[in-house]
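Just the one chain here, the form predicted on its own, laid out as structure tokens.
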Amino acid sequence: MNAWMVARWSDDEFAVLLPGLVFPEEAVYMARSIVATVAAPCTGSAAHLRLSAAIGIAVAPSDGDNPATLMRHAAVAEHAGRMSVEHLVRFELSLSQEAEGRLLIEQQLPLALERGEFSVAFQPEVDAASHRIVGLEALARWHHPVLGEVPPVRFIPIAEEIGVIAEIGQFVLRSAVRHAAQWRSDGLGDVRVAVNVSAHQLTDRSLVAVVLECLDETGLPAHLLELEVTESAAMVDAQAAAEVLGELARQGVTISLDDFGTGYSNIGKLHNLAVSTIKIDRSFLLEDEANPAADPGALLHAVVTLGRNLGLRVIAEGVETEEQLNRLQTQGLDAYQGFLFSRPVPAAEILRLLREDRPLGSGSGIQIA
């Protein structure tokens, strides 16, 4: 193999040219060597440093027949390499297609709100005993005129990375509070609306003012607004999250912990975050089904018991089958949420359901995505 050629591409990016390769696997071998060398502990003065590198590999002529194409494809692979176990990825066409789709979302997302492309869907939470609606989780939906319906799993992480998640969060918050206040004014009862809060919003002290302003403008009582946070989001800056959520709780807003049992929190953190509700992650139901030899519902029962002993309201989410519901009914939960009762639906459909005031279940016919 001929000598390496190394060039600085940007502030923290370097291009390495390996001429004369006989087999493409040689590039992978050399990349592993670079990753291992960079990751070796480095001690200087009093500091003990650990560095890391992500590498994208493009090989001519299969991955490109000119320098510009090779560099572009190597950059696409490098981005994927940041999230890989080995910290290196060989370019393939699917990566390019994924990168192009991501780039399009990055370009369109900042303009989507002002273009009116966002809406809010609501997924009911039903009382464990009556199966009637007691709460509604508000969820962002993005309909792009060209891309069509963009799933939240695609745009939410990108919105967080490019810094527009707060604007989307505020849109969902205002829409949810406005609808809840209108339904209450129409005599359809006091239904709590839950709004998801991102890690970025939790570190922004202005969130308190925004929430209180929404409640004041609409007249919705604070206890009918629930802010949902995930364990991982709350732990990004635990102190800031505790201060923001604590102030909102003192104002009467309900705080719930989503995906409970899958993150990083402990019992002490529940108190610090002013949590009054926990939503048990759907994985507890799926794990029971995947382990028929295990004690059915043992882990689920332990989590529910923990919530009960702490005086918390306990909700099971991701309820999709009658079998899951049958096992949950012996656990003494407060409410259920999942496709068995209803998928997320538009506000107009919620209005109809509230007016009918009937139990939801597998026979409800609510199948709107």
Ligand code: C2E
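This one's a predicted model, so the numbers in the text were calculated from it and none came from an experiment. One-based numbering along the sequence shown.
There is another form of this protein, the form predicted in complex with the named molecule, and it is not shown here; the text below is about that form.
Of the residues I55, L300, V314, V319, just one reaches the named molecule in the predicted bound form with a heavy atom at 4.5 Å or closer; this is V319. Distance criterion of 4.5 Å from any heavy atom to the named molecule in the predicted bound form singles out R141 from the list R132, R72, R141, R184.
The three marked residues, R192, V253 and G307, fail to reach the named molecule in the predicted bound form, with no heavy atom of any inside 4.5 Å. Of the candidate stretches 176 to 184, 77 to 85, 107 to 115, 151 to 159, only 151 to 159 has residues whose heavy atoms lie within 4.5 Å of the named molecule in the predicted bound form. Under a 4.5 angstroms non-hydrogen atom cutoff, the named molecule in the predicted bound form lacks T277 among its neighbouring residues. Contact annotation: A234 falls outside 4.5 Å of the named molecule in the predicted bound form, judged by heavy atom distances.
Mapping the unseen interface onto this chain, R90 falls outside it, with no heavy atom inside 4.5 Å of the named molecule in the predicted bound form. The closest heavy atom approach of D259 to the named molecule in the predicted bound form falls within 4.5 Å. Interface residues of 337 to 360, taken as those with a heavy atom within 4.5 Å of the named molecule in the predicted bound form (partner not displayed): G338, F339, P344, in sequence order.
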